[in-house]
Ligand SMILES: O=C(O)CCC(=O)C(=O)O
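Only one chain is given next, in structure tokens, and it is the form predicted on its own.
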């Protein structure tokens, strides 16, 4: 191995990364710690922020000169080397079509099959979401336990109330282990560490946020609508709470009335269908809505360093 080539993450590194994502869970609030009082913002501080926004706007206009540079690219049979150089290292999203179309899970993971395979095993999921808007920020309040078959019955009904998410992965590893046989490796981009399962009915919704890791979404069954916004749009998104936007949903007219600056954001609409992979780089805003009963996995165990969550200024 060349001395200039970074070493691959170890299995322990993979586990720490996945645990970090579970704890963060697409924007989970950090444990309450009394922060030191923030220093008063000086005119120089405000000017520095304005200059930062200016630079990001200029860079976005520069990319807009080229459809290749500014567009969301779609690929097939993308090699690991091309993925690294064209997308992972530059922090650019890409939709990789049909990459896992050969997995048995695509044909098997119907609600009936899942209920029969996992049966009465106790699982953890996110419940009571429809009664609160801050269900992602305060997800510990929404952790519920039930036999898996009972959860599937709730998910079949649709709506946003019951959702098995990445934040439940640590608790559900043993119960969902029988499903691993239906999956396959994604060796071009990932180590062999397991992914984090999402299962939910039509209408489950994750509001607008960014993540503190690079993520690879693997759509197994059903379809999901993902809306992506580059980091350059942050100043339009009322970013006041951890990694969440108070806009919540850039397609909701009521929210846009409250936050009109978000109406003209640059955004990319992606329909995830069975067999697709979507790479979402760290810091890219996104919201996700299931358009049918859906199963998906999130992976963070890339062959290359996946850092950022350790020193995020979450205060």
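From a predicted model like this one, the values you see are computed outputs, not experimental measurements. Residue numbers count along the first chain shown, from 1.
Same protein, other form: the form predicted together with the named molecule, not shown, and the subject of what follows.
When contacts are judged by a 4.5 Å heavy atom cut-off, residue 198 counts as touching the named molecule in the model of the complex. Contact annotation for residue 217: at least one heavy atom lies within 4.5 Å of the named molecule in the model of the complex.
Within 4.5 Å of some heavy atom of the named molecule in the model of the complex lies at least one heavy atom of residue 288. Residue 163 belongs to the set of residues with a heavy atom inside 4.5 Å of the named molecule in the model of the complex. Candidate site formed by 108, 183 and 221: none of these residues places a non-hydrogen atom within 4.5 angstroms of the named molecule in the model of the complex. Residue heavy atoms within 4.5 Å of the named molecule in the model of the complex occur in exactly one stretch of 198-206, 89-97, 231-239, 112-120, and that stretch is 198-206. Residues of 291-305 that come within 4.5 Å of the named molecule in the model of the complex, judged by any heavy atom, are 296, 298 in sequence order.
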